[in-house]
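As structure tokens, one chain now follows by itself in the form predicted on its own.
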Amino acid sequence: MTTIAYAHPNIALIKYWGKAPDQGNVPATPSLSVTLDTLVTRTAIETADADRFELDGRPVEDKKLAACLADLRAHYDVPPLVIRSRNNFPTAAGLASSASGFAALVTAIDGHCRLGMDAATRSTFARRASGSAARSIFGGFVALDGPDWAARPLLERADWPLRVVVAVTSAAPKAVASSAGMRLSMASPFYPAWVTSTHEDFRLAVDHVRNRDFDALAELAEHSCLKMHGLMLATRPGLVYWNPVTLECLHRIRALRAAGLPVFCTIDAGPQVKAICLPEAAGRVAAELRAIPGVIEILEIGLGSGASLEAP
């Protein structure tokens, strides 16, 4: 029997960067995200005689996957599995493929082995594999904070149907993985201020989302993004995930908002640029970003659902 699960990546508006020490992959900061539609990880699993893993059609060995399976097996009866995972978007390129990947994996194993997990439990196991994966268990607007560090939904996608225009500026894997970059950044002199200030950013952002206050959320989310990249730049060696096209897209989006268009920018650990906007602005934003030399592809995306055994 084959069990298939699907999950979407998510984009953090209030960023998570850094780990709490010695606490089992607990984030150092709370975060708030939107789950995307269209982009999807499809993970199929079958019971086997030994664990095997394929990603996008190629056999791979993955320490984080092996650790996730070991964690599940410490709590549940999980047999050896063949796991075949495929993304319809670039992997390890700043589009949150690990978030959707581990959310889909935990959901597939839960369904295949009939473990009976609730969503909060799946979120916890996903988070222990990849911090942002906790949020992809849910759709719409999602918060991840303590003390339990299981994600929780804030608003359903239909409650505030924002649009996300993604400018893909490179399909290459990033040189420094997020988990490695976070460990390096914890030695930065900027790191304590980052952790302290992000708790207040998160509290304010939750209110802005609940109030559907786009302008306030726009200012705060861009501030969180640029503050995170400031921390990355102040790491030794400096973490520079942007390329020149990334920077041009950022300037274009800020100019559009200054001209009155309801749009703001966020960028994760990679060169891809995400423009969050009200639905009526999506066409103009996409056209403006598409016209920038070096933009490889434009993706116009809505807000998506949580991880599920049902095809999106």
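Residue indices: 1-based, along the sequence shown. It should be emphasised that the depicted structure is a prediction, and the values quoted were computed from it without experimental measurement.
What comes next is about the form predicted in complex with a small molecule, which does not appear here.
- Checked against the small molecule in the predicted complex, the residues 107, 130, 85, 123 give one hit for a heavy atom within 4.5 Å, which is 130.
- Comment: the small molecule is not present in this chain, but in the predicted complex one of 221, 209, 142, 228 has a heavy atom within 4.5 Å of it, namely 228.
- By the criterion of a heavy atom within 4.5 Å, residue 65 is excluded from the residues contacting the small molecule in the predicted complex.
- In the predicted complex, no heavy atom of residue 168 sits within 4.5 Å of the small molecule.
- Although the partner is absent from this view, residue 98 contacts the small molecule in the predicted complex, with a non-hydrogen atom inside 4.5 angstroms.
- Put simply, residue 182 is close to the small molecule in the predicted complex: some heavy atom of it is within 4.5 Å.
- Taken together, 16, 135 and 269 are fully in contact with the small molecule in the predicted complex: each brings a heavy atom within 4.5 Å.
- Of the candidate stretches 174 to 182, 110 to 118, 213 to 221, 157 to 165, only 174 to 182 has residues with heavy atoms within 4.5 Å of the small molecule in the predicted complex.
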